[in-house]
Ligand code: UDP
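Presented below, as structure tokens, is a lone chain in the form predicted alone.
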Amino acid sequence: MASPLRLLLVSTPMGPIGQGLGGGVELTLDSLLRGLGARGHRLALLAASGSQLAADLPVTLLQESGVPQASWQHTDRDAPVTIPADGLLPRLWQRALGLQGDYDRVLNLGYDWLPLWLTGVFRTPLFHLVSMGSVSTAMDEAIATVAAGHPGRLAFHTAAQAAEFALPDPPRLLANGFDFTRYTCRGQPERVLGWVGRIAPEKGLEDAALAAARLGWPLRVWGLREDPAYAAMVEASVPAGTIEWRGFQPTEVLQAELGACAVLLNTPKWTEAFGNVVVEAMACGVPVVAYRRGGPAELVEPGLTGVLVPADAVEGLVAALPAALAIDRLACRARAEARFGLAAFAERVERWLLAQPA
């Protein structure tokens, strides 16, 4: 194990942690804090005011107020860089600039232009764990600039995600990590399907709902209802009672409810950088039927942890159900833990952070 580092992590500028506003970044953050803390590193997190963390996390929480930043995935591809008045994004990074001398490394978890631009300004090495694929020309250019000028300061979750950017060198791939002690494997599921994610068009809930309707199985849906109009459209597209809305839930509640599902459907319409919910399902012993697109296509091992079907093929989801139901749930969990356990993830991140000279 390396000598302890003093690490400052800077959270997403999309809002407070603990409300689901940060999407998968919130789970990644929890995993980073647990894994790196267990390896003896001294951790501080700079996040939006009102953030709530689990009481057992080994971290000092620093908070800043300000107007949240809109997500790049909800803007036009050629949209300019914009920051609202009294914005949270510049406040977070002004604070980080002032604090950098107290730390050995700064790790950015937000997908935004400003921290990328600041890479060469920081005296303390600034690293970026990129959380999304290509959604913006401005962001693509910023990521390419960092990749060319500061080799090693970028890391990605999956090869599919990294392939969307212009990178001069092979990418650093970290996957993600999960504390499997927080997930319980349930041997006998209910006759119900599951789906987890932000309720927004790029997540493809309508395909999962249609597949569930054709199978005659109820679909339990967990996640922040980010786009209420879209949610209403999906519900109206299938017979009444097909969808059971469960809302956004913390890990402890989600895993207990998700573990009751026979199969998780994963139906993204865009390139998921990773697919945290895919591994969360596996951790509960729930096989996954997923589109062969983006990160989830690298996570699901056909016949062992789930089934992959062609992207956007609702009939493929329907046809894959028997094969998914035949997968041994305990073996599914064991295979996922071997690949995505917390300790292995923390070690990968540590090697990345130590690869660059101070």
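Start at 1 with the first residue shown and count on from there. Owing to the predicted nature of the structure, the values given are computational and were not obtained by experimental measurement.
The protein also exists as the form predicted together with the named molecule; that form is not presented, and the subsequent description refers to it.
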query: Residue contact check: Gln161 to the named molecule in the predicted bound form, 4.5 Å heavy atom; finding: no
query: Close approach of Thr82 to the named molecule in the predicted bound form, 4.5 Å, heavy atom; finding: no
query: Asp112 within 4.5 Å of the named molecule in the predicted bound form, heavy atoms; finding: no
query: Leu27, heavy atom within 4.5 angstroms of the named molecule in the predicted bound form; finding: yes
query: Proximity to the named molecule in the predicted bound form, single hit among Arg153, Lys269, Arg198, Arg172 (heavy atom within 4.5 Å); finding: Arg198
query: In the predicted bound form, the one of Val263, Met139, Val277, Ala283 near the named molecule [non-hydrogen atom within 4.5 angstroms]; finding: Val277
query: Gly15, Pro68 and Arg91 each touching the named molecule in the predicted bound form (heavy atom, 4.5 Å); finding: no
query: One stretch from 144 to 152, 122 to 130, 245 to 253, 102 to 110 that, in the predicted bound form, holds residues within 4.5 Å of the named molecule by heavy atom; finding: 245 to 253
query: In the predicted bound form: members of 190 to 226 within 4.5 Å of the named molecule, any heavy atom; finding: Val196, Arg198, Lys203, Trp222, Gly223
